[in-house]
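First, one chain by itself in structure tokens, the form predicted alone.
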Amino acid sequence: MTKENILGIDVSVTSYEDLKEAINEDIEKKKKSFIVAINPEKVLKARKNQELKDLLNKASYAIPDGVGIIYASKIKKGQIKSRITGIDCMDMLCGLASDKGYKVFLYGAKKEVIEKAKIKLEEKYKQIKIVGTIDGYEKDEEKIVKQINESKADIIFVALGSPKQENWIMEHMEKLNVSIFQGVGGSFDVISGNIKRAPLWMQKAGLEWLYRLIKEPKRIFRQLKLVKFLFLIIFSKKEI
């Protein structure tokens, strides 16, 4: 899959359908793949952290999560045309799992959150096979690996926060008999209903950041990073 380099981070040039097709092929071939969501904040962190930069660039699919990534590609005359948010990617994969009979495992978040997220997913996708859950407070690594492998899951969603979840995935990929690994941050909280997502029209307009800012004004300091990111893109001599 083609990727564009944005301030040192490789981002996949893809659509939901192409990504879905590629992942389905990976599962059929028992190929291990790692999905990571890339946004401006993560790119800025990676500029100061070589280990994080290397980790992100090892991802099989680095999806463009964040309207700033789309702006950056447009400014540099790149080919990334639309966002693929982490939670929407997870939603797409759950639909694929339901249609194809693939097995899903949920790992991370609080026990009550992950249990509620499981129920919500099973209500939405009637045929989905969620073969196990482990909350993010379990410390026994051997138990975690054993339970995941015994479940024979094809897809695992890891909600430990970034970059902890990406580090965990890279450390455990070879130990686990799973094809698709995705770090999903706070997606379990959204799916469970604990956190409300922006209205659909704001999602489509790329204004989820504004919705979150209205709900949490203190996020203004995080949102200012987008200005810094775009400034770097405009004045960067490095081509995408």
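Keep in mind the model is a prediction, meaning the values are calculated, not measured. Residues carry their position along the shown sequence, with the first being 1.
From this point on, the text means the form predicted in complex with uridine-5'-diphosphate (UDP), which you will not see here.
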query	finding
uridine-5'-diphosphate (UDP) contact at residue 162 in the model of the complex, heavy atom, 4.5 Å	yes
Contact test in the model of the complex: residue 86 vs uridine-5'-diphosphate (UDP), heavy atoms, 4.5 Å	no
uridine-5'-diphosphate (UDP) contact in the model of the complex: residue 120, any heavy atom under 4.5 Å	no
4.5 Å heavy atom contact, residue 66 and uridine-5'-diphosphate (UDP) in the model of the complex	no
In the model of the complex, segment of 90-98, 106-114, 149-157, 122-130 with a heavy atom within 4.5 Å of uridine-5'-diphosphate (UDP)	106-114
Members of 123-155 lying within 4.5 angstroms of uridine-5'-diphosphate (UDP), judged by heavy atom, in the model of the complex	136, 137
